[in-house]
Structure formats: C-alpha cells, structure tokens
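Just one chain is shown here, as structure tokens, and it is the form predicted on its own.
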C-alpha cells in the first residue's frame, strides 16, 4: 500500500468535483450491466437454436430467471426478440460508455487546468528566496509536463476504480452462471496478477528516473534558449549539442526502460489468460457437452472480463510510473516547506515622510555571509537617494528589501512610522515603479508592454508616456507602430529602445517611489542622455532611489550612501563625499580618469 501513498495527495483534487467520480463510476457499472445482460441473453438464443440439447444448467439463478421471462414467448418469436433485446442492450451500453468517456475527458481537462493554475499561483506567491535556489528548467518541467502527468494519473486512478467496479459486475454475473467455475478462475486470475506484479515491481524506480531525466532536459533546453547568443559568441555550439544529446539520451533510455517494463503487461496477461480459457473449454467440453450453450456464454463473458482484469494491472503499473510526477507536483505545491511573504493589512496610500532602515541585516541563506549588515538609512519623501559602491556591496539586495522581495533577517524597515511588514503588499508595490538595466520585455506588442505598468491605461495615456520617455519617435517608425510585436524578451529592440519602453512603463504607473537600478549603465551616450533627461523630469517631486556606477547620473542627488561589503561606509552629498576623500572619492577619481582620452 505504501506504493500508492502518493495518490492520497490526489484527494483534494477529487473533492473539487465530488459528483464527477461517482457519476463516472456509476456510468461504467451501468454500462457493464447492460453488456453482461446482452451476453447472458446468448444462452437462451443458443438453447433455442440447439433445441435437442438438454438444459443442464437450469440450476443457475441467472438462467432460471431468464427462462422464466421467456416462458410465455413462443420459440419461433424468440429468434427475433432475443437478438433485438441483445442489440438494444448493446446500444444502451455504448451510449453510456460514450457519456462516460466525455465526462472523464471533461474532468481530466478541468483537473489539468486546475493543477497548472495552482502551480503557477505557487510560482507567483512563494518567497523569492526559494525561486532563487531552484533551476528554472526544472520549474518549467513541473509546470508544463509533470502537471499533465499528474492529471493523467488521476484519470488513470478513476479508470482503475471504474474497471474494478466493472470487474465486480462481471464476476457477479459469472457467479450466477456457475459459481464453482468462477471461484476456480478467480484463483487462477489472482495468480496471474501476482506474476504481473513481480515482473513490473521496478516500475516505480524507473518512473522516478524518468522524472529526473525530464527535469534535467528541461534545464538544458531553458539554458540553451536563453543563452543562445552567448553560446554562438563563444563558438560553443558543438559543446552544447553534445551536452543536449547526452541529456536527451538519458531521457530516451529512461522512457525506453519504462515502456519495456510496462509493455510486458499486455502480452504476458493475454498469453496466460488465453491459456486459461482454452484449458476450460477443452476440459469442460470433453466431460459435459450438454452444457455447451452455457459454457460458451460463460467463456464469452470471461473473454470480456479478461481485458478488464488486464487493464487493472495496466492501470496499476501506470500509476506506479506516474507516482513520481505526483510527488514532484505536490512537493512543489506543499506550502509548509517553503518561505512566503505574508502581506500586512494596512493600506499604503503614498509616502509622506520617509523610508527608514533600522539596523537591517540580510542573509540569503543561514550559511551565507550577510549580504547587508546593520544598515541604518533614512530615505526622505520627495528626495533622490543614490546608492553607490563596488560590485557585491549589497546595493541590489537593499533595493530588494525595500521592494519587499525579501524580509530582513534582522532589523526593521519603517514606512512613515509603520513597519513595512504591516503594509498591504499589493498597495505598497502599486505605488512603486522600477527601471533597471536588465528590464524584462514581454513577448507582446509595444503598447501592451507599456500598459503593463497600468492595465487600465488608454491608448492616449500610452502614447503620452512614450513621448515623455523619448520612445514615441522610434515607435512611430516601426511597421505597426504601437501594435508591433517585440519578440521574446524584446529581442527585436535595441538596448536603448528596451530601456525607453521600460521607462514609459514606469511613467504610466505614476508612482510615488521610483527605483532606478543601474538604468543607464549599459547604454550609449545618446540613449543615456535621452533617458537621463526623461528621468530628471519625471523624478521631480518623487521619491527616487537610484543605483548607479556612472557618477554623472547622481550629481544632483540629495544624498548618496556608499556601501562596501554590506555596510554603509560613507553618506552625504556629492561635494561632501569628495571632500572626505574616502572610498567614494577614490571611485570618483578612477572613473573620471578612465573617461579621459
């Protein structure tokens, strides 16, 4: 039973549609009853055709009931009434089977959608620190492949339940025809099932190997796609092809082993079952020819039962193979083992005084050194605060804490006297906009990318924001203007164009707090000038927090905080920091020296 522990996790999905599974099972049972009845009606048909054969099986309750029903019908009429009844039962059986198939497909589609939605919701809500430790390709595999396999597992489980119920119906009908023969067959079928289980006992391990191989392939595909430019720039096509082929062959081998073991079920079961049926036919036919009509009907019903028994073992094998996918999906959905940022309840209506960091420290993991350590900083409302320092000093980490992508490991961040943790997270971020060097452009039109900052924006507002970001001119020259698709991650745009789209997205948001994370660091002089001009205008009377390596962009900052090794080592205006002749002055001189011809 422990092999099926994973399927207990499917119960919440089943409870989403509590009526569906009983309906599917009921339809399957009714379908089996009508098929069993149609097969049973062959006995009186054969008895009528073989009028000289003795009715040796009349002690069967089923046969006695059938003969009583037919007692008042002349034998000449039975030859057309009984086939008509058989056809009617088959018609009803297939109608119920079709409804069952449609309902099962509907349930599978709904469950698959619900699983994908829950996994994506988990991606959106889980703490960012968790996502930073996970491989993107593996997460994509869980979202795209393992959710589908999990819904397939649920469909297989429903089919197993239905098939077991159908088997019980057939077994009951066989018992009514001949209980001694049915018991004998039941024992033999049980032995056959035991043999099948012994042959396929490695299926769960092979399923785990297949899931891991698929996850590794997902990682390799993701890295190949997002790193294609780097791969080609460094001439590593052959190396990446070899790595991909090696990973793909692992998937090939894992799935092949899984299919080889799974594929033994059908032929092995069919061979053993055929041997059983033929043995019964020969032994009973030699010793009791008088019961030939009953025997033929019994064997025909047994023949219809055997695929059901075979399916039970096939479904069991498939479920074992899919159990690793269930574990993968529900392990990701498990909320107890993951960090979450809990939203506060206080609505943020705008920054009035300041953001204050009080002895704030942060570690990405308990084993890491502090990324920032005992930071104390006041960011005044309506002023520009610049964060500078060498790479790895903790500038971006500080921004992430202010945006509340993470919570501090120690200390507290205050917003107008309220702890940041107590603010409603959505209302806090709604009043904030970020423009960074590595901005994400969605695979959509330019208008949709700009409107991402404000989903209710009109076309006029989109155009106005683009003009303010100095983006309207190049957008107007594109073939479809604002309706031009920009490709994955904005690949059809230059760096400066992407940056101006990102700035327009921030402008249309009309935020209280504007965060610039090295927004102009990788741009040419013209693009930098245009964006800096737009930022200077847009940033007036707003709270601006800027990270910059180019000190020319922060010369008008109201205060500059210099970070080094996770701590603020200097703080003040540009002129004051230069007079102190510390780390900032040293960096400033080095940059100016590098810019001189």
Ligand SMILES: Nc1ncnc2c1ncn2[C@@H]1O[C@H](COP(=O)(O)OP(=O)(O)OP(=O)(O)O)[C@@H](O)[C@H]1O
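Source: prediction; values computed, not measured. Numbering follows the first chain given and starts at 1.
Keep in mind the form predicted in complex with the named molecule is missing from the figure; the text below concerns it.
*Asks:* Could you tell me which one of 378, 361, 97, 437 places a heavy atom within 4.5 Å of the named molecule in the predicted complex?
*Replies:* Contact residue from the list: 437.
*Asks:* Please identify the residue among 433, 423, 371, 441 with any heavy atom within 4.5 Å of the named molecule in the predicted complex.
*Replies:* That would be 371.
*Asks:* Would you point out which of 343-351, 252-260, 387-395, 137-145 contains residues with a non-hydrogen atom within 4.5 Å of the named molecule in the predicted complex?
*Replies:* Heavy-atom contact with the partner occurs in 387-395.
*Asks:* Has each of 125, 407 and 498 got a heavy atom lying within 4.5 angstroms of the named molecule in the predicted complex?
*Replies:* Checked in the predicted complex: no contact with the named molecule for any of the three.
*Asks:* Would residue 245 show up as a contact with the named molecule in the predicted complex if we use heavy atoms at 4.5 Å?
*Replies:* Because no heavy atom of residue 245 falls inside 4.5 Å of the named molecule in the predicted complex, the answer is no.
*Asks:* Applying a 4.5 Å heavy atom distance criterion, does residue 132 contact the named molecule in the predicted complex?
*Replies:* Within the cut-off, so yes.
*Asks:* Does any heavy atom of residue 456 come within 4.5 Å of a heavy atom of the named molecule in the predicted complex?
*Replies:* Outside the cut-off, so no.
*Asks:* Residue 549 versus the named molecule, in the predicted complex: is there a non-hydrogen atom within 4.5 Å?
*Replies:* The answer is yes: residue 549 has a heavy atom within 4.5 Å of the named molecule.
*Asks:* Might you say whether the CA atoms of residue 366 and residue 412 end up closer or farther apart in the predicted complex than in this form? Their distance differs by 3 Å or more.
*Replies:* Compared with this form, residue 366 and residue 412 lie farther apart in the predicted complex.
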